[in-house]
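So this first bit is one chain, no partners, the form predicted on its own, shown in structure tokens.
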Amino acid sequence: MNKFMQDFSLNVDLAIEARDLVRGAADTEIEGVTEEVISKEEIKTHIIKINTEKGAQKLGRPIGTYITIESPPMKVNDPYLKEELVQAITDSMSSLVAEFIKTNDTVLLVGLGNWRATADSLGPKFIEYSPITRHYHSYAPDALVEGMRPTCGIAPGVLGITGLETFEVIKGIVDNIKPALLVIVDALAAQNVDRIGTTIQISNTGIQPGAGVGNLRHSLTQADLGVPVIAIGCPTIVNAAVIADQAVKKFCFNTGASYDEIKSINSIREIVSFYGGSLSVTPKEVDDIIENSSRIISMGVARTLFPGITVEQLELYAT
């Protein structure tokens, strides 16, 4: 990781950004890492696979598959584009879960984040718009559309509100209901303002809540929970230090001035030190971004878990 990221103790949530940081100016593939790119008119999908421990060490994340769906117009609530994004999520997620869930297996949906903070409410909103059916299987099976598996969902909140670690809550539920799969959705931190509300990451390696804002909690992985975990996220914030450094670089490029990394880091640290270096920024339209992205993700996950069920039918079971 570069000096700037290390000095400000910044974690990289997106695998595609971690790859770019490791590559630097050299556009050569990283040993132990492969990438496939699928381009469509408004959507580009990057499938990054970390295949070896060496590749995992270089990118600073576990061996596994990381799928990044990019669409700059995603912030606009366009029905046509929304359908394409939902299908991209469905295709990507299906490729990750097909081998280990059967038609009638229970799936636990988890929406991480603080519902009181808009930029961190992606997870709870995801649960709000997701079809929840497990209780129907027990108490009103006739009310279900044929072919609907049991799904249950929880938005466990954050430690500062509940006094409970997210891992404690999820582990307790997993041990009791024994789902075949966990799907966890959380807001992410980006290293570029262009990614806010325009990027969705899907991975099969679990998630470490709070990593992007330097507030590491217990990881939620198959190794710790005992069931496969699919993690999905969308960037909603960028660290202020990242924005400041990008602005300095842009100024130097436009004016022909030489960029001095040490002086830039020291100057930025002096400004953001009042906030302990953890000042994060989100756009004023973040409420629209959360609303749009949570609906897209929830429908993409629903279409994966309930193949053949219409959108209108799925929406009837949303909480």
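What you are looking at is a predicted structure, and each value in this text was computed from that prediction instead of being measured. What we label the rigid core is the largest C-alpha set whose atoms superpose within 1.5 Å from one form to the other. In case it trips you up, residue 1 is the first one in the sequence shown, and so on.
Below: the form predicted in complex with a further copy of the same chain, not depicted.
- The candidate stretches are 88-96, 74-82, 226-234, 200-208, and the one lying within 4.5 Å of a further copy of the same chain in the predicted bound form by heavy atoms is 74-82.
- Site residues 34, 57 and 68 are none of them in contact with a further copy of the same chain in the predicted bound form, judged by any heavy atom within 4.5 Å.
- Put simply, of 53, 285, 42, 29 only one has a heavy atom within 4.5 Å of a further copy of the same chain in the predicted bound form, and it is 285.
- Within this chain, residue 141 is remote from the site of a further copy of the same chain in the predicted bound form, having no heavy atom within 4.5 Å.
- a further copy of the same chain in the predicted bound form comes within 4.5 Å of a heavy atom belonging to residue 152.
- a further copy of the same chain in the predicted bound form is approached by residue 165, whose closest heavy atom lies within 4.5 angstroms of it.
- The closest heavy atom approach of residue 196 to a further copy of the same chain in the predicted bound form falls within 4.5 Å.
- The partner is not shown here, but in the predicted bound form the stretch 225-248 reaches within 4.5 angstroms of a further copy of the same chain through a heavy atom at 240, 243, 244, 246, 247, 248.
- Comparing the forms between the shown form and the other one on their rigid core, the Cα displacement of residue 260 reaches 2 Å or more.
- Taking the rigid core as fixed, one finds a CA shift for residue 49 smaller than 2 Å between the shown form and the other one.
- With the core superposed, residue 249 shows a C-alpha displacement of at least 2 Å between the shown form and the other one.
- In the predicted bound form, the CA atoms of residue 161 and residue 237 move farther apart by at least 3 angstroms compared with the shown structure.
- Cα of residue 237 to Cα of residue 160: at least 3 Å longer in the predicted bound form than in the shown structure.
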